[in-house]
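Read the single chain below, which is given as structure tokens and is the form predicted on its own.
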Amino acid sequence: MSKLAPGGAEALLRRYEGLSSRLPGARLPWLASLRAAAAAAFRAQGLPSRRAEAWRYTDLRPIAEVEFAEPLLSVTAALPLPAQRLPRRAVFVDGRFREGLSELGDNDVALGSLAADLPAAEGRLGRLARPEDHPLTALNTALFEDGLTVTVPAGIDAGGLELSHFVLAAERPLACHPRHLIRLEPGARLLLLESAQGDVATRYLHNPVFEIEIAEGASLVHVRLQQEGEAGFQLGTIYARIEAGGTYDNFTLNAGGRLVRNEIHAVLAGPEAACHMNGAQLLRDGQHADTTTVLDHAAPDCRSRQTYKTVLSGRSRGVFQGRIHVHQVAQRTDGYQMNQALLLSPEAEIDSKPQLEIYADDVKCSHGATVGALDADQLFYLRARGIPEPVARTMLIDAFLQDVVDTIAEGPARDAVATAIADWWRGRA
């Protein structure tokens, strides 16, 4: 892999070398070995450059030029926590679990801090994520300090869980690499509402990695609200494996951060499994947002749906890369992928690369992409009826986004996304 390793990447490696004996689980041989191998993989790969095909449209030089430090222990008394929307909430500040701010509920679900019970993660951590293939996963594996672990027992409907991550104000750039392990046993159900926010003036890197295992007949709805600070970077990676009859339903809203990437690797591993990946990107001047998905149909009779929409203003840039890989065994696959972009400025840019790679004969797969501006006739129609132009533009953009927001079946999660979109509009005014 072509790599990009100026000062920032080297500083991250030095951070591992300086912290390795103090990182959680340093005395666990299996974890120390895993971290060392991941650090070696990152040293060999570096931060990916645009010469790597998967990173062709996203330039990480703004990250490579920053020397990120370890977050300090912070005071959270003044943390502006929003009202709790679901029965359970796990709060992380600067990558570390805060028990005093969390509400984990009863004991029917195994839920808690990864750092507090690392021995139990042996054989589970790193099962889906391969550091040798993905440098940011390697970096996370080498440097993670904490994360959320969730196990929903067989047949249990766990209801809703919020995962809230905050980065506080800091005088120097900082980096955090939370590692989250989610497992649903056969027939289990969970709604996971994830949010990420950060101080508007602090430069930071938030590099989360999720390993998600969905057993036979289980169902996970995963809704993500990315509202990082204006100077923040988020490079998030999700690995999901869905067994027979299981469902993974993901929705991601990118509405913050200077440079963000939402990367999802999902495997439909058993017959009649389903995966839905939808989302919206709302970009202001100077922002860059990249959604990259890799969906493996590795079993017959599986179904997938992807719809992503991007609204771009000023000198912003959006990216969508979506690859559906249908293996030879995956007969009777039903796959659909669509990417649409709305340009509000002649200086905005969108790069769209939907892909199908099909090795089975009996399939129904389609993909497409559209790029355009607001419809002048529709805008004129609304203004002719006395609606001011800013209100008319807002109405048309809301209509553009509505069908993808409607893919969220869970009411509380859909309301949270609608509120986040409204917050974006207020910030843009």
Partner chain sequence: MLKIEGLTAEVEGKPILRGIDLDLPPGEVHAIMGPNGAGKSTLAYLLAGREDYAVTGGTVRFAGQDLLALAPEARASAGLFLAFQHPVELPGVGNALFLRTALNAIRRARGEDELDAMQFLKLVRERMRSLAMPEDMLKRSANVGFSGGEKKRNEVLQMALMRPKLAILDETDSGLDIDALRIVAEGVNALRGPDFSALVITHHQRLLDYLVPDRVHVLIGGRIVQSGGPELARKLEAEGYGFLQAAA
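Numbering follows the first chain given and starts at 1. Computed from a predicted structure; not experimentally measured.
The same protein has a further form, the form predicted in complex with the partner chain, not shown here; the description that follows concerns it.
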Seminar exercise, completed: Of the candidate stretches 35-43, 361-369, 375-383, 60-68, the one with residues having heavy atoms within 4.5 Å of the partner chain in the predicted bound form is 375-383
For this session: With heavy atoms only and a cut-off of 4.5 Å, decide whether residue 53 touches the partner chain in the predicted bound form.
Result: no
Problem set entry | Contact test in the predicted bound form: residue 28 vs the partner chain, heavy atoms, 4.5 Å | no
For this session: Taking the partner chain as it sits in the predicted bound form, which residues of 382-420 have a non-hydrogen atom within 4.5 Å of it? Please list them.
Result: 382, 383, 384, 385, 386, 387, 388, 389, 391, 395, 396, 399, 402
